[in-house]
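The chain that follows stands alone, in the form predicted alone, written as structure tokens.
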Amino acid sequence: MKSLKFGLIGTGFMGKAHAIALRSVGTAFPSVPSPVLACLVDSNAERASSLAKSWGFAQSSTDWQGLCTDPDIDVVDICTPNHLHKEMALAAIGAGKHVYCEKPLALTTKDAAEIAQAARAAGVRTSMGFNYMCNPLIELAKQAIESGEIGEIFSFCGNYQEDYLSDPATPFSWRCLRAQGGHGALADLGTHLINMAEYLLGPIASVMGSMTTVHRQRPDPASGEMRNVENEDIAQALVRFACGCTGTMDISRIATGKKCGLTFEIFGSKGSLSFDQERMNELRVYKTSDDEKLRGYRTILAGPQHPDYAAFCPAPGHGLGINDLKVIEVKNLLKSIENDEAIFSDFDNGYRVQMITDAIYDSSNESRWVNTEAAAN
């Protein structure tokens, strides 16, 4: 496989994370050729030029349309605010490029479906920025579920809680606009939880949602005047999986004290699993088969016997970080392109996540269960 040339659009938090991953993947996984960092795009020419030099990109630009149609670019990497994803993804797909896009794929189910269908029709490979599912311990949890190690699954309890908007004095941003940030905390955080739940337990068949805006106004960063917040701080849902188990989801961007509170507990007839992203190198496991006098949760530490961990460290218990998960995510994309095979977190998965996100929102507005099983495949 040749080294693929990447064009990265966006230089914020996620743009930098993607740049680190692109530069590191060949070192961690020598079986995939190191990507070529061809061009970095930002709307600010000076920022684009400066960061291109420090991040190792060959050139910079302010022209994302030109990047998408550049015949020298193999993969377009989108790390822009949510409302820009659709136009950029469709332009890249239309030019025959593989596309790597941060979540969410789009702001509506209709738009996400359009993007996913375009990618399938074009025969390009795609990947979503659902990095948390790349944790080696999440793969271990999936194996425990699929092997029947914890028995028949009864229920799922999932949360994604952060506190980045818990202070009402935090200034207004694009994340507070429906037309740019979508369904607030549900779009920003809940998409990760939905992706994780379906990866572990299969399709969600129906949802009953509740959405709440607590801080209804925030100060404009320029004028200081108060502006109305258009989307929600908290999203909660009851969920039913196609496999028969039930679950709950609690999502918040105002959960005081939570920094990356992506957690889940899965309960089965022979045991249970418990995970907390803030302790991302630990998986807690309970088994009913243990001797009763010794029965209790045991803590499994990530180590080289778990998928992908050994690419970073030969010693157990030393731990991985969030940027390592991005490296694994890029490796999975490169393997997908090399083998011309879809991965779980592709644009079809991005569409499903958006569809479930919209279903939770619609359920909250209409006070009813909303079926999502129709799009299970």
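Values in this document were obtained by computation on a predicted structure and should not be read as measured data. Each residue number is its position in the shown sequence, starting from 1.
Beyond what is shown, the protein has a form predicted together with a further copy of the same chain; the following relates to that form.
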**Q.** Check all three, K5, N44 and S49, heavy atom within 4.5 Å of a further copy of the same chain in the model of the complex
**A.** no
(Q) Within 4.5 Å, heavy atoms only, which of T109, T80, Q277, N231 is in contact with a further copy of the same chain in the model of the complex? (A) Q277
Q: Taking 4.5 Å between heavy atoms as the contact cutoff, choose which of Q217, S155, Q180, T170 touches a further copy of the same chain in the model of the complex.
A: S155
Q | Options 90 to 98, 263 to 271, 117 to 125, 221 to 229; stretch whose heavy atom lies within 4.5 Å of a further copy of the same chain in the model of the complex | A | 263 to 271
(Q) Although the partner isn't part of this model, could you tell me whether C313 comes within 4.5 Å of a further copy of the same chain in the model of the complex, counting any heavy atom of the residue? (A) yes
Q.
With a cut-off of 4.5 Å between heavy atoms, is G296 one of the residues that contacts a further copy of the same chain in the model of the complex?
A. yes
Q.
Taking a further copy of the same chain as it sits in the model of the complex, is S54 in contact with it (heavy atom to heavy atom, 4.5 Å or less)?
A. yes
Q | Contact label in the model of the complex: Y199 to a further copy of the same chain, heavy atom within 4.5 Å | A | no
Q. Taking a further copy of the same chain in the model of the complex, which residues of 245 to 262 have any heavy atom within 4.5 Å of it?
A. T246, G247, T248, M249, D250, I254, A255, T256, G257, K258, K259, C260
